[in-house]
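Take a look at this single chain in C-alpha cells; it is the form predicted alone.
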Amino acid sequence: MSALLKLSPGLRAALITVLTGALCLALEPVAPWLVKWPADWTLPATEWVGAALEWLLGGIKPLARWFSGLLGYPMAWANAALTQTPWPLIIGITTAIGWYLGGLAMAALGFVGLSFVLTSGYWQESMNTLSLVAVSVPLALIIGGAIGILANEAPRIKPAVQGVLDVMQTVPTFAYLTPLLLLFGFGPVVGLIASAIYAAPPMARNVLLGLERVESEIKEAAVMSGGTRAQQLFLVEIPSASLQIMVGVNQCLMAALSMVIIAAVIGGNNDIGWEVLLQMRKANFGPALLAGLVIVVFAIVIDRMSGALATERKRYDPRVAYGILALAILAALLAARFLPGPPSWSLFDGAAQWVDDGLGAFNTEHGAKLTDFKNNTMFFAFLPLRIGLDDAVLPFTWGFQWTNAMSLWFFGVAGALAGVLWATGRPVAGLMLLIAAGVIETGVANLPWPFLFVALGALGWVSAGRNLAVMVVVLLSTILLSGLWEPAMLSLYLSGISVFACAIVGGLLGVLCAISPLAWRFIRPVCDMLQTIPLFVFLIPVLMFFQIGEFSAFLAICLYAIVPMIRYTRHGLANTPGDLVEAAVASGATPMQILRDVRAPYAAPTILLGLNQTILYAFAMLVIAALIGTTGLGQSVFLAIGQADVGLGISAGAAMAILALIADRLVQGLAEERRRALGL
C-alpha cells in the first residue's frame, strides 16, 4: 500500500483502474451483476419523477395556460406585423440596417439573403418563423439579463446561478418539451417558450461576465459621484459592459433561431421549421434542403448583423440608409399596386427537383458503394467499440468467430506493448494502452459499472481533487440506480466515438491552420458557416446519402461538433508567446520540434477547452440525432415526448446532462491542471 502511495497521481489512478477492470473481467462469470445491474436493484426513479412533476405541474397548469394565452397576443401581433408588411419594405429595412452596421458588404448580404428567401417560395413561412423569434428573443433577453444582474448583485447565490445555467445548457432541449407540453398544451406558444428557455442562459452568462469585467476604476468613479446603486448599475456599469452584453444578444438570437425546427415538432405552426420536417418525412430532400437553406440564410444574416453590434466598428453614413429606406417604400407602393403579394412560386423548384433527381441517380449508381462503406465502418469499427470484439467478430461480419484464445492473445500483445512502454519510462501510457484494449475487447455498452465508477472517479481525483471524484461517483450512481445505465452507455459510446473523430480530424485541421495562414483563410469561412447552421439542418445532407441509422447520426454529430476543436487548436498553437518560439529557434530546433515540444505543450490548456466544447456540442446533437434512428438516452427523450411521459423525459434528459456535466468538469479540471503546470 505504501508503495502505491509513492506513485504519481496519474500513474496511481491508471493502475487502480487497470486492476479494477481486470478484477471485474475475472469475476464476471460468477458475479454477472458487475456488468449488468439487476433490474430488481433499480429504483422507480422515472415513476417518482413523473408523479412528482405531474402533481406539481398540475397545480400550476391553470396559471401556465393563462400565461400561454397572454403570450399568444404578442406572437399574433408580431406575426401580423411581419406577414402584412410589404416584402420590399422588409428587404429594404434589412438592407439599410446592413449598410449602417457594415457598409456595402453587409448591405449586400442582407439584400441577397432576403431576396433568396423571397424567391424560394417560403416567404410566408419565414415570416411565421421570425414572429416566433421576435417574441422569444426579447423574453429570453429580459429573463437572461435579470438572472445575470441578480448573480452580479448577490455574490452568495452566484455559484448556484452558475450551476443552474450549466444544467440548462447541458440538459437536451427535447427533455423539457414534455413538461412544457403538459403545462402549456400543444401550439406555437409552446415553441416560443421552449426557445426562450433555451436562449436565456447565453444572455445571462454574458451579462454576468460583462459586469464582472468592468474596470474597478470605473466602479469607483461611479461610487464617488454619489449615485445610488441602481444608478451605478444602469448608468455606468451596464453601458461599460455593453460590448460583452451584445455578444450575449448575438448568442441569444442564434440559440432561438436554432430552436425553430424543434419548436415546430411541438408547435405545429406553418413555419419554415415545419416545412423542413414535412419535406424530410416525405423524403423530398431537394425541397427539405431548400427550406433548410432558408434557415441557414436567416442564421447568417442575423449572426453577422448582431455580431457587428458587439464590436467597436465604425458606423456608416446613415443618409445612405435613409435613401435605401426611401427606395424600399417606393418599391412597396409599386408592389402593392401591381403585385398581389409575395410570390407563392419558387425560383428554385427546378433546382430542388434537380437535387432529388440527381440524388436518385447518384444513389442508383453509387448506392451500393456507399452502403458497403457504411456497413464496413459499422462492422469493423463502430460495432466492436459498442459491444466488444467478443460479440462483434462473427462469421457474418468479420468472416470468422472470435474465441477465448483470441482474447488471451489480444490481451497478451497489449500487455507486452504496455510492458515495453513501462520499461522505456512511460508507465502511464502503457497502462492507458491496457485500458483501451479492455474497452475494445469488452465494448463500451458492456463495460462493468465498477470499472467506469473507478476510472472516471480516479480521473476526477487527478484533475481536480477529491470533491470532483466524489461528485462523479454520486452522479453516476443516480444513473445506475434509476435503471437508465444501458441507454446511458449507448449514448456514451456514440458521443465518445464522435468526439474522438472530431479530436483527431479537428486537431489535425487546427494544426494545419496554425502553420498555414492560407489553409486558415479557406477553412475559417467553413467553420463560420457550420457554427451558424441550426442543429437540425445537419441531418439533411447525411440523410441524403446514408439514410437513417447510427452512421448518419455519427456524421451529423461530427459536422456540428468539430468546429470548436479546429478553432481552439489553431488559436492555442498560433498564440504561443514569441519569446518561447525565438528561444527554440535559437537553440537549433526544427519547425516540427518547435510544434511538438514548444507550441503543443503551451497550447494544451486551450486545446483541452476546445475538446470540452466539442463534448458539449456532441451531447447537444445527440438528442437531435435520435430522430434518425439512434439508440440511447436521446431515443428515450424523444419517445417520452410522443408518449407524454414526463418522468421518462426528465430522467433521461437529466442522465444525459449528468454525462455532459461530468465530461465538462473532468476536461476543465485537466485544463486547469495544465495551466498550473505551465505557470499560467
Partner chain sequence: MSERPAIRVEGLWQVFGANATAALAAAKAQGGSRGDIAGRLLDQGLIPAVRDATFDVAPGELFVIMGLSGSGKSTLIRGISRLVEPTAGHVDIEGEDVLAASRKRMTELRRTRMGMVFQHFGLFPHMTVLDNVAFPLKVGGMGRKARHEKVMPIIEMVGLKGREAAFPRELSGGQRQRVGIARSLAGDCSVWFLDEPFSALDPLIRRQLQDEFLEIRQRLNTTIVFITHDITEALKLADRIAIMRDGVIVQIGTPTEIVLNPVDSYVREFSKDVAKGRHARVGSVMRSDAGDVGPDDPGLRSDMTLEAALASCMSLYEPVPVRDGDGKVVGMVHPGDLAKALQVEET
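Residue numbers count along the first chain shown, from 1. Values in this document were obtained by computation on a predicted structure and should not be read as measured data.
Keep in mind that the form predicted together with its partner chain is not shown, yet the notes after this line are about it.
- Using a 4.5 angstroms limit between non-hydrogen atoms, Gly227 touches its partner chain in the model of the complex.
- Remark: Pro155 does not count among the residues lining its partner chain in the model of the complex, judged by a heavy atom distance of 4.5 Å or less.
- Within this chain, Asp579 is remote from the site of its partner chain in the model of the complex, having no heavy atom within 4.5 Å.
- The shortest heavy atom separation between Ile440 and its partner chain in the model of the complex exceeds 4.5 Å.
- Note on the interface: of 348-356, 297-305, 519-527, 237-245, the segment with non-hydrogen atoms within 4.5 angstroms of its partner chain in the model of the complex is 237-245.
- Interface residue among Leu334, Ala586, Leu104, Ala221, judged by heavy atoms within 4.5 Å of its partner chain in the model of the complex: Ala221.
- None of Asp372, Asp317, Asp597, Glu217 but one reaches within 4.5 angstroms of its partner chain in the model of the complex through a heavy atom, and that residue is Glu217.
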